[in-house]
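First, one chain by itself in structure tokens, the form predicted on its own.
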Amino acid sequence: MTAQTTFPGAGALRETGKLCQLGIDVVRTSFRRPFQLREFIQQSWFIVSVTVLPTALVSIPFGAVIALQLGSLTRQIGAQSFTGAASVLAIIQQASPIVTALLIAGAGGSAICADLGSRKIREEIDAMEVLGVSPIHRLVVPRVLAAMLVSVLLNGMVSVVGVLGGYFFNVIMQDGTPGAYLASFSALAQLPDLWISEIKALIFGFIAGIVAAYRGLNPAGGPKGVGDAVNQAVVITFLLLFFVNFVLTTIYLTVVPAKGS
């Protein structure tokens, strides 16, 4: 008998490969007909119902903290006229997609993972495969697309609420000038700043949906395994989000020139 040799990290590499394979399968299966429209609408509404209120409540203090911190910093260096541009760009480019993705992964993703995991331990997934029904086409694709759609919509809401909150706290609490706040924003901001924010939200929603679906379809076994899978899905999604955000931000700042440069 020949003993198999394994190298450290082989399990993690194998899991990463399976996760990427699921993502490829979801992209390929998304174009298969018939499209599960009812499931897609139901999942979209469910994710909206569990994320819209927490997202709105989180975006207000998030925008306020950024505005207050930047307002204090710009006052110290004598650049109060750029407070609006710095605050709005920070909220739209960075804070808004990150907040949206964290809420999608924490609330919507955990629910997706728990739902698929419970179906797996009840052997519903195996029964679908025996009947010739693809679980990816029937269950995973509508949930991933719903997470992507809701992420894009919530990102717009977070941007608006965060900018309004930052404007209020800067003008009211720090005695900022409304005209200077808006003028600096219009002078330095550009349309690609909004596009990169929406692209980030779309990709983050895809990642959150794929990770949640993968962990839900591969629980350790039993109710405890489903609970562990939910926790792992949230943690893995958070780690991937920050890494992907770094990559996308680096590419954007390299490719798209700053306005006025």
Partner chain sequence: MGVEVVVEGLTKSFGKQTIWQDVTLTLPPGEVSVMLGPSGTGKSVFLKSLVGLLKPEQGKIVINGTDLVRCSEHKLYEIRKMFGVLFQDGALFGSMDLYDNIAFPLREHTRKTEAEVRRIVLEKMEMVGLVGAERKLPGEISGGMRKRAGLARALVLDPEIILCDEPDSGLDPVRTAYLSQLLIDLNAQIDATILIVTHNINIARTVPDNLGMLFRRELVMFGPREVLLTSDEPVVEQFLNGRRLGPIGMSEEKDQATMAAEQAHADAGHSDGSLDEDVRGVVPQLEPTPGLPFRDAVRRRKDRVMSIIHHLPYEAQQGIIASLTPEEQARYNVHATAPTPSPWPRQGGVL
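Here the structure is a predicted model, which is why all the values come from computation and not from measurement. Numbering follows the first chain given and starts at 1.
Form predicted in complex with its partner chain: not shown, discussed below.
Although the partner is absent here, residue 175 is not a contact residue: none of its heavy atoms lies within 4.5 angstroms of its partner chain in the model of the complex.
When its partner chain is considered in the model of the complex, residue 179 lies well away from it, no heavy atom lying within 4.5 Å. When its partner chain is considered in the model of the complex, residue 132 lines it closely, a heavy atom lying within 4.5 Å. Taking non-hydrogen atoms only, residue 127 approaches its partner chain to within 4.5 angstroms in the model of the complex. Here the chain stands by itself, but in the model of the complex one stretch of 117-125, 163-171, 103-111, 70-78, 117-125, has heavy atoms within 4.5 Å of its partner chain.
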